[in-house]
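One chain is shown next in structure tokens, namely the form predicted alone.
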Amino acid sequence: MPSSLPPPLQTSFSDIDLRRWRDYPDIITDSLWLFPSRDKTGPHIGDYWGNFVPQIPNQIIRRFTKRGEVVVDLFAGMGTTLIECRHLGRHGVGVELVASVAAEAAARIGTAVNSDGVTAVMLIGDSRLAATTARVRDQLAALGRTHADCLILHPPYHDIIRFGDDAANLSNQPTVDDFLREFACVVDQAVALLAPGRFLALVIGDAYAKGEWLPLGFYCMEVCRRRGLLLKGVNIKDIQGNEKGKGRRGPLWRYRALSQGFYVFKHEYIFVFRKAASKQRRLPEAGAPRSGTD
């Protein structure tokens, strides 16, 4: 017997049925993202310095991709994004600079539930380089794709956490200006990989140096904008419960804040961008920000 229900009304970039939009109460559409605690189900252990909460890639993947599409994470770390890809039926390709981290991430990803039989691949490489992008394209080609359907970037917050001794690592750049220059190289590769009309999420926080708050998040946002990406959202996430290496906890830091006139980090940003469907004019480069670490 034919169904009397109307067909789903969907965008070109999501499985969400707009006819039933009230049925997705957990999909965030506000700019303030508050999670009660970090998701620690399955391989999401949360023991790696610099992990972001799994709820972030979960929201981005569900909001901006369809089942069977491909998500690329160019700072894959311990594989949080790729674990969520397996949970949600999306293919995932991750790039990680540190070989030991990539190997451990691959082992964890392999234990994640994969009901849809999707592919999740961790590559060891430098995301600034065209050679690494070529290897990502090889993985996309194996999946029958020429471009990624979604990009996620979660770079180091400059030197807040050092991820090894490799000079290529963004966490080892001597100044903020150096960090932004090298981050821009990664964004160039990301833009080339991303399909027109699709979305990129940048997860980043700020820094503090020599008595000055450095708006690292907004500097990185501008790097993306000046490469033609269209800013669609500036979202703020409370990092309480996920402060490891990012925030400052305890009465001592409250005392220091009161005595020295600063504020304690309790948030990070999720910037959402869209690549134009047609060729976008690249904005002229702005003058480099004054680096507080010089």
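Since this is a predicted model, take the numbers as computed values, not measurements. Numbers for residues come from their place in the sequence shown, where the first is 1.
Beyond what is shown, the protein has a form predicted together with a small molecule; the following relates to that form.
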{"item": "Interface segment, criterion being heavy atoms within 4.5 Å of the small molecule in the predicted complex, picked from 139-147, 187-195, 97-105, 209-217", "value": "97-105"}
{"item": "Candidate spot N51, L74 and F163, all three touching the small molecule in the predicted complex (heavy atom, 4.5 Å)", "value": "yes"}
{"item": "4.5 Å heavy atom contact, A134 and the small molecule in the predicted complex", "value": "no"}
{"item": "Partner contact for G79 in the predicted complex: the small molecule, 4.5 angstroms, heavy atom", "value": "yes"}
{"item": "Partner contact for G125 in the predicted complex: the small molecule, 4.5 angstroms, heavy atom", "value": "yes"}
{"item": "Exercise: V121 in contact with the small molecule in the predicted complex, heavy atom 4.5 Å", "value": "no"}
